[in-house]
Structures are given as structure tokens and as C-alpha cells.
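Have a look below at one chain only, the form predicted on its own, in C-alpha cells format.
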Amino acid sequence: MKRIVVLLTLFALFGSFAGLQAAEGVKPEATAERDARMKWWREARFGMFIHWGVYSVAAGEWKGQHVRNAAEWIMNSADIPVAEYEPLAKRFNPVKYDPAQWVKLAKDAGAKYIVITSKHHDGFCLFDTETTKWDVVDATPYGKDLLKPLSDECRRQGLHFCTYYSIMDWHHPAQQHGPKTYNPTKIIPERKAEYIEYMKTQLKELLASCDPEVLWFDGEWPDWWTEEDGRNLYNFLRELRPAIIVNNRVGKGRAGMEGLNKKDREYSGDFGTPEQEIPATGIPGVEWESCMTMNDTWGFHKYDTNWKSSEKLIRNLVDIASKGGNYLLNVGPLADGEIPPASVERLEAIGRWMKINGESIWGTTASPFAALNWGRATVKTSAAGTTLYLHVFDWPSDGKLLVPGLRNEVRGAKLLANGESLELSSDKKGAVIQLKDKPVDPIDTVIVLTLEKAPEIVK
């Protein structure tokens, strides 16, 4: 009997070893295979991020005091003991949660995928799991899985469903926090294998229950989580789901992957994740996605009213697409499941612009121009030829738009909004388009140039 107990204990502690060893056997991916796996994600260009959990109950306030910093970090920011934080779950009852409405909002805005927090740093799970009672099914009055209905609704409405997952966990007993804050946690060395197995079991449950197409990791910065750990977890997941896409935070490549060589990129996830920033020149040669908030925090924070304008958000989307990246724009729902009206208002504004101009974003590649003093550009290539989309932020006062250095033969020029043809000429500086007195859209008027082949730019 004792021998059986010992064997079971060893299995619990080191059971992940066999899985990690097997994961090392994942076949190298040919370029064509990677292109097929990444195709939908590359073409999407726009996704909606959702940060939601029991921290939405606190909403940036603890014991009557405004807690600054991101709302989802309140357990850390206010240094709340686990025993005091857990009762928030009893007040998490999202009776207004409407997955169909959430997905429609994202779809109407022009987003092609949704990424939602399955487990944030506080360890609370929005899905049903056998690994812990610290989940929405067992710890809240709501008592139902939140992710499976959203996953089903995404598929029903034609969006891709993806999940965020934190490696750092302030609730799990294998991790210890410092004297004042939880960040970064320390691991109890003899329990690290146990925690990795815990994560792997939860990730298997996620894959089985709602089949996310992207696993978006975070919380990878504690020093106990190594690049080797990340590579093993990446390979483990790709073995389970060969088509899955994994971000670079599965390893140690938090800011992006521009500093890693090709071999390291293959192990450090599939795309870089600059946060709250747009790289000045993109990240050439690397897939990347900028995740950004509409105000200053990710989870719902009742004191945060510093909302970005719709103009800023639309131009961010265009800027990111013009540099070859994806825009992952966040909303933080209230604890009852309502998305803040300010977020809805901005997504609807983006949707109005995308309804007219979406083709200049979806499926496009980066601008061929180093810089444009009036706006941005995107490119779309097909068997029929090449389309160059000119995004005019600043309308020229003389009505003449210079496209610097363009030497291609242009088949036609028109406004995307209404199809109106535009006069075009050329000089030694490039192509010159004659415009009307006023823009069609003061935020971004898109002009379509039809070319016979890829843009040729003389710099």
C-alpha cells in the first residue's frame, strides 16, 4: 500500500515529465504548413480582447478606497490575502451576460476573433475545471461555465474563439508571493512539477470544452518560469492541437520576438505581443499583435474614465495594419456581464468605419513606404493584381496628394467609400492624386490604387 502511495505521489509530482518528453517529438513545421496554420490570424488584423473575472466585482475599489493601477491587479495592488479575496466570487453573478450580444458587438465592429481571460493572475477560472473549486461553476452563485457558450456563439457568428491564460497564479499554493505584493511570485521548488501538471490539465480541459484557436499566455516573467518550460509547454500544446496558435509569452519573449533568432522564435510561440504600444516600424519578419486598452485599465475600473477617442482607436487600427500587425482591442465587462456603454459606443464607431473601409484592413500586408506625412498605406495582392490602399488622415490643403516614389503603372484610382474615380498624374517625386476639397471621412478617407504588380517605390 505504501509503495502505491509513493508511486502515486511521484506521478503527481513528475507526471508532466512524460508529456514534456513526448512533446519534444513535435515534427518541424514546413513553411507551407505554418502559412496554412497562421492564415486566418494573419488576415484577421483585428480582434477583441476581454478581461473579466471576480476582480470586476471590486472594480478598482477595496474597503471603500480607490485602488489605482489596473483593475484586474487589485489583489496585488491592495495586497489582499487569499482568504479576503475569495469572497468576491460570492458576488460574481453575471445575470446580464449575453454571449450572442458580445459576439455581435465584436463582429459588427469588424473584429474577426475574440480573446477572453480563461484564468488571470488571481487564478480564478471562468470555465469548469476539475482541478480546483476556485472557478465560476463552484465558487459563484452563477454556477455555469462562461466560456463554452461564448465559444459556441463565436462559431455560430463566424468569429474565431481564443483564450488568455496566466502562468503566474496568486491563488495556487505552489506559488508564494513577497512580503507586500504578489508580483512576481516565487515557486516552492518541490511543487513546480505539480503546478505545471495543474496548468496542463486545465489547458487540456479548455481545449476539450471550447477548443480555442489561440492560446494567449501571460504572467511568464517570474524567474522560476524558464524559456525551456515555455518551449516544452508550446510543444505539448502543438502535439495536442497541431493547428493551434500560441503567443510568445508562453516563453520569455514578452516584448516581441525581434531580438530572437529564427530557431528561438520557433520555440517561443507564433507571434509577438507588444503591449500598449505600436512599434514604430512594426516587427519585420515576425508575426505580431498589439494589445491595447480603450482607457487605462484592462478589467472594469469604475474610476477610470480616461477613454481614448474613436478617432484614436480607428487610426491605431490602421497604423497597426500598415505595419503588418494585428490590433487586439480590449473591453472590460462589469461583474453583471454588461459591457461598459463607453466601450460599446467606440466599438460601434469602429464598426461604422469598417463597414465601408474594412477591405483596406482585412487580409492586407504592410505598407511599402517608410513613412507618409499624410497617413498610412496597406497592400492586398491577388491573382488579379495588387491593390494599394492609401489611408489619408491629413487632407492636403491644395487638393493634391503625393504618393512619394511610386513608379508603378496605375490602372485606376478611386475613393473606397463611394467608388468615385480620381485623376492621377505623375512627376519625378511620385504619383499625384487630385482630390476634392473635403475628405469623405475626417478620420481616415481611403483611396484605392489598382496596380498591375507589387508596388515599386523609389526611395
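The structure displayed is predicted, hence computed values, not measured ones. All residue numbers refer to positions in the sequence shown, first residue = 1.
Just so you know, the form predicted together with a small molecule exists too; it's not on screen, but the next bit is about it.
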Non-hydrogen atoms within 4.5 angstroms of the small molecule in the model of the complex: do 183, 275 and 298 all have one? yes
Out of 376, 200, 121, 252, which one falls within 4.5 Å of the small molecule in the model of the complex, going by heavy atoms? 121
Tell me, out of 310, 101, 226, 77, which residue has a non-hydrogen atom within 4.5 angstroms of the small molecule in the model of the complex. 77
Hey, in the model of the complex, does residue 164 get a heavy atom within 4.5 angstroms of the small molecule? yes
When the contact criterion is heavy atoms within 4.5 Å, does residue 426 count as touching the small molecule in the model of the complex? no
Verify the contact flag for residue 362: yes if a non-hydrogen atom of it lies within 4.5 Å of a non-hydrogen atom of the small molecule in the model of the complex, no if not. no
At the 4.5 Å heavy atom threshold, is residue 218 in contact with the small molecule in the model of the complex? yes
Name the stretch, out of 87 to 95, 367 to 375, 68 to 76, 191 to 199, where some heavy atom lies within 4.5 Å of the small molecule in the model of the complex. 68 to 76
